[in-house]
Ligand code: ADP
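Here's a solo chain for you in structure tokens, the form predicted on its own.
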Amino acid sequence: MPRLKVLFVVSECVPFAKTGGLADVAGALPAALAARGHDVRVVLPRYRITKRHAAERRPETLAVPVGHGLAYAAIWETKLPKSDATVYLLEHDALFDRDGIYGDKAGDFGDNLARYTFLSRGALRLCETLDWVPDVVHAHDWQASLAPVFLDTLEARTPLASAASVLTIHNMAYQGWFKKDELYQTGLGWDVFHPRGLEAHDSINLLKGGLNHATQITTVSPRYAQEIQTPDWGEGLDGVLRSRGGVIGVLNGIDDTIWNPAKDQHIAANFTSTDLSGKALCKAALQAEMGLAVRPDVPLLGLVSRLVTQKGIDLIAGALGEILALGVQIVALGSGEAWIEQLFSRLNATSTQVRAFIGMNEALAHKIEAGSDLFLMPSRYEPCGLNQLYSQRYGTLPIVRAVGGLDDTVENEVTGYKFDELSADALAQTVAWAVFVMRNHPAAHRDMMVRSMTKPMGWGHASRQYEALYRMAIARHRRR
């Protein structure tokens, strides 16, 4: 099969900038595709946080139309770690040299439409500067949703018009809403401001525009692909998705060069599915580090999450009394809604069973995955989820609500535990059952650990699916 040229347009990418799972996908999938021999290039802004990463400045200056003028950008080039995939960082300090990525403590940045117009248009202009025309432009979430729109409109008479576009939805809840009088920022005319373009409720909806213009739409799990085409889950865009002929769900993988208990340098001891002795050492080290009683007989529950209601943290709060009455310990890591942070901070100070770290700490995330016995992930909805995959790789059995990618990736009482009802009682009952099995049927618990650790969860299968999807999109674009 011929080699493909694929341009990734993303707002975040590991290791350069990260707020969530999008960054993990944007760092791992291009590397997996490059390993299969494809010419893969990733474009993202050069935020303040990315400047600590080594990169080489290219001699060209990029002129990007934004609003009523041009925004001039420096181009920095590097590679994804241990990969042939090229990364371009577009530098325009007035737009991106800030402490936050999408916003700060005061909220979203007020000029985000200009910022992500710059990203989408700048990525396409970069191709022209490099004299490199991709076969596929793969845009991710609302921040890059203008790329498919531009290909259909402003770039329709340029060589880039030959490129197919793929838009991946990582979370339907975030759509990129802006006032219609900001449309000038995009350089697009009012001829795109209609229900089959960017218009929704007399406002601009960037994700809707991308969905209407993309050659192919994907999301990050088969179950979520079905869910978002229904009124209950589609966040107002289910009709758009159905009108486009559906969505293809491709499960995310994990970067098993980073998330691998046999080689992980963050954890106290390495271990494998055939030698689990190191996991007990990881548990003891985590208990000691977090100030918990070092007791191998006490079930240790982990939580690494954004502390928001979408992740079901309110269910955990509601079930906490029943869960702690089981005689377990809990270690939590994350940040988010103020009331949840305050709850865990209070428990951290007053409970002998709960310890929490408010903020992000990559090393501690690895230690929690490796040292916990069970992992809490009772999400209201979950497009794919990565932590339940990390947990299984480390023999930490996830307790999840059967939605989206959680339902697709966890086999009940085989590689973890699932429940359906959105309630604290359902969560508490499922935790009680998992603890009962661990204490009274240790051989069954160990068998589940081994099965979960030996599941194929890397990006190899997903990258082959995307390769086939790209070829399908190219064929569809040529027919159009």
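Everything numeric here is computed off the predicted structure, so don't read it as measured data. Throughout, we count residues from 1 along the sequence that is shown.
Beyond the structure shown, there is the form predicted in complex with adenosine-5'-diphosphate (ADP), which is absent from this document and is the topic of what follows.
* Going by heavy atoms within 4.5 Å, which of 131 to 139, 261 to 269, 237 to 245, 374 to 382 lines up against adenosine-5'-diphosphate (ADP) in the predicted complex? -> Every other range fails; the passing one is 374 to 382.
* Find out whether any non-hydrogen atom of R306 is located within 4.5 angstroms of adenosine-5'-diphosphate (ADP) in the predicted complex, and reply yes or no. => Contact with adenosine-5'-diphosphate (ADP), yes.
* To do: Verify the contact flag for E362: yes if a non-hydrogen atom of it lies within 4.5 Å of a non-hydrogen atom of adenosine-5'-diphosphate (ADP) in the predicted complex, no if not.
  => So E362 counts as contacting adenosine-5'-diphosphate (ADP).
* To do: Although adenosine-5'-diphosphate (ADP) is absent from this view, report whether K18 comes within 4.5 Å of it in the predicted complex, heavy atoms only.
  => Although adenosine-5'-diphosphate (ADP) is absent here, K18 would touch it in the predicted complex, with heavy atoms inside 4.5 Å.
* Residue contact check: S335 to adenosine-5'-diphosphate (ADP) in the predicted complex, 4.5 Å heavy atom -> Judged by the heavy-atom cut-off of 4.5 Å, S335 is in contact with adenosine-5'-diphosphate (ADP) in the predicted complex.
* Within 4.5 Å of adenosine-5'-diphosphate (ADP) in the predicted complex, do D255, T415 and M453 each have at least one heavy atom? -> Not one of the three qualifies.
* **Listed residue that, although adenosine-5'-diphosphate (ADP) is not shown, lies within 4.5 Å of it in the predicted complex (heavy atoms), from N387, T117, Q175, N212** => Flagged contact: N387.
* To do: Sort through K283, H92, R393, K311 and report the residue having a heavy atom within 4.5 Å of adenosine-5'-diphosphate (ADP) in the predicted complex.
  => None of the others qualify; the residue that does is K311.
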